[in-house]
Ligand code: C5P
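Coming up is one lone chain in structure tokens, specifically the form predicted on its own.
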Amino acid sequence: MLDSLDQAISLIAPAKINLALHITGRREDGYHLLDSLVVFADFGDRISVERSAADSFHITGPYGHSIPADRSNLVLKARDRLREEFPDRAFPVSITLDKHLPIASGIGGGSSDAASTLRALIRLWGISIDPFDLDELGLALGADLPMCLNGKPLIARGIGEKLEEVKRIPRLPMVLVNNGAAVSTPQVFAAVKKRDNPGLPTISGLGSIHDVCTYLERTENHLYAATVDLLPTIGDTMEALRSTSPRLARMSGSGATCFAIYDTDEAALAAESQLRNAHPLWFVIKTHSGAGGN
């Protein structure tokens, strides 16, 4: 393994987008069971780590003021958990979180930050760890950690820990929109009225954007109704997205961020411009998802 002990390491913590999310049950411990088709954007927060005389944590970026800088932050929980596992490797570090994703927004910001922290510190501290063991370590921090550690198109099942890579899916031009409202994920799950839904339909051929959107039309986000009950302005976000004539518009995760898929980057850029002009105080970003390999 490359010795990175004296190098600063900086990694993107990409937005996680639930293209579809089906609630299929609930365990006795209260965790919901799900089937979710997940992709990751090329836009997100950024985690930077480097050797330091003492541990420190700095938060910057347009949404940095919205999150705690104490040990309740998943970034520090990830640092401390990895240090517990590898105390002989874990020298003091300075960590900077450059926060560009809205908080409590259904696109996995905190989980993605923690996953990128783990990956960056593994490199900085020169740690060798089996991918399965890393997923288990991540799962102890949160159900979304294993999928964020993988960071590629996948289907997540169970509480999010059972992952199946989606081998062939195209790059998807997208726009992400958040109207500035935050919603509590636990409150959304508690408000779900039906929990014994069918899983995702079988995927057979997602070779084009048309194929992806045709497939997604057969799916849902089962959290949407509960989120709208708690936060009716989600309907305004969806209406604004639909006004840009996308191939498909939907809420991601438990909200409040919604996304739309377009046929081309040019169409996505035009939609971004239209939405920013109409709603200058909203979070609006044109991005794209990563493609799945063969």
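Each residue number is its position in the shown sequence, starting from 1. What you see is a predicted model, and the numbers here were worked out from it, not measured in a lab.
Another form exists, predicted in complex with the named molecule; not displayed. Remarks below refer to it.
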(request) Would you kindly say which of G207, P186, P198, P131 lies with a heavy atom within 4.5 Å of the named molecule in the predicted bound form? (result) P186
(message) Can you work out which of R247, R250, H32, R46 has a heavy atom no more than 4.5 Å from the named molecule in the predicted bound form?
(response) H32
(request) Select, from the options 235 to 243, 264 to 272, 32 to 40, 46 to 54, the stretch whose residues sit within 4.5 angstroms of the named molecule in the predicted bound form by heavy atom distance. (result) 32 to 40
(message) Quick check on I159: any heavy atom within 4.5 Å of the named molecule in the predicted bound form?
(response) yes
(message) Residue-level contact is defined here as any heavy atom of the residue lying within 4.5 Å of the named molecule in the predicted bound form; does A143 satisfy this criterion?
(response) yes
(request) Note that the named molecule is not shown here; using its position in the predicted bound form, name the residues of 254 to 287 with a heavy atom within 4.5 Å of it, in sequence order. (result) none
